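Coming up is one lone chain in structure tokens, specifically the form predicted alone.
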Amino acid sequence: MKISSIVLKNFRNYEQALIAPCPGVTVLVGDNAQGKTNVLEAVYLCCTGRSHRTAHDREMIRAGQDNCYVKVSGVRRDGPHDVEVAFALAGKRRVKVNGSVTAKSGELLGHITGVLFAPEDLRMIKDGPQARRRFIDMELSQLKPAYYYALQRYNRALRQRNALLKDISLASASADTLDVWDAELAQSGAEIMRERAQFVEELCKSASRIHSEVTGGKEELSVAYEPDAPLGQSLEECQNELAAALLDRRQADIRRMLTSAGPHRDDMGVYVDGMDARAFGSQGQVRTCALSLKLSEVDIMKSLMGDAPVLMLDDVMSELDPERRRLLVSHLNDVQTLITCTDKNDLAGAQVGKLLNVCAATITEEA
């Protein structure tokens, strides 16, 4: 995957911009709050259909404007791809893939592929299970759009079931009416669980190897899928196990008015030398684990899709010590990379192909 151009119109603090990254390492350097991260946000939006910073489209529209537009164009092994996303204060977002309007948001997935590594990802290990589920979900959605649709179906059914639980608790509905939503949760939930299990298995192989490189073989990293409900040997068995867990916890769910079984409660265990890094990892270990997991995303996408994704590093160099910076730089070969930073010295050792200065949403190339 090589991005050739990024077009912004009324996006965040940009009135308009055209950025042409080089095939190697492109660096956006400037003070804080000038618009560097906004460029990466726009690319990530076209990769995944969502921002990594907000769930509200209107927040991405430039102040004083009523609409905005982003277009990212690139080339993969199978030819050119482009994704366009437009928002308006009044009306729904509009998405085009290769010039054609898409009916479903998931149709943009897999065209512009990328991995974003931001400072908040360094907290992924110590944060709650939701952060690790999001890590898995965003990667799998790009790799397998069918997973994204299963996740949509599951979340929709989960909202409906939770609303129904409240009605039942207030005696305005019968508990038998839960059956239809339990069936949908079991079906889509089983698909999600099977895909997560396979992904985490591949992630463990790649992350363990990278972590060993980082630590000079002094530490051993392993990750494990920790499903909330028993994981069956087949899709059908997994579905039956989840259906049984939902039924078993039904009365407790009615009392609490919340669904307590299912993949929305899954986690991913992260272990260093057999010790749970989520609870006992030092700051250095936690950051090394996060770095290993993020770099593993690049390896897995390259292996499964035949193309390396674009790697986006949002001001993470300043958060890493010199040894971890060295390791990160060593993985930039053959991967198109967009890096934001406030100090060029943080990039020591990187072969920078293009350096862009960002000041008040104005981008100029440094000779």
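All residue numbers refer to positions in the sequence shown, first residue = 1. Worth saying up front: this structure is predicted, and the values here are computed from it rather than measured.
As for the form predicted in complex with a small molecule, it is not shown, yet the points below apply to it.
- Of the listed positions (S330, T342, N67, S51), a single one reaches within 4.5 angstroms of the small molecule by any non-hydrogen atom in the predicted bound form, namely T342.
- Only one of 43 to 51, 301 to 309, 331 to 339, 29 to 37 lies within 4.5 Å of the small molecule in the predicted bound form by heavy atoms, and it is 29 to 37.
- Proximity of R325 to the small molecule in the predicted bound form falls outside the 4.5 Å heavy atom cutoff.
- Of the heavy atoms in N13, some are within 4.5 Å of the small molecule in the predicted bound form.
- Contact annotation: A63 falls within 4.5 Å of the small molecule in the predicted bound form, judged by heavy atom distances.
- The small molecule is not drawn, but in the predicted bound form it has no heavy atom within 4.5 Å of D321.
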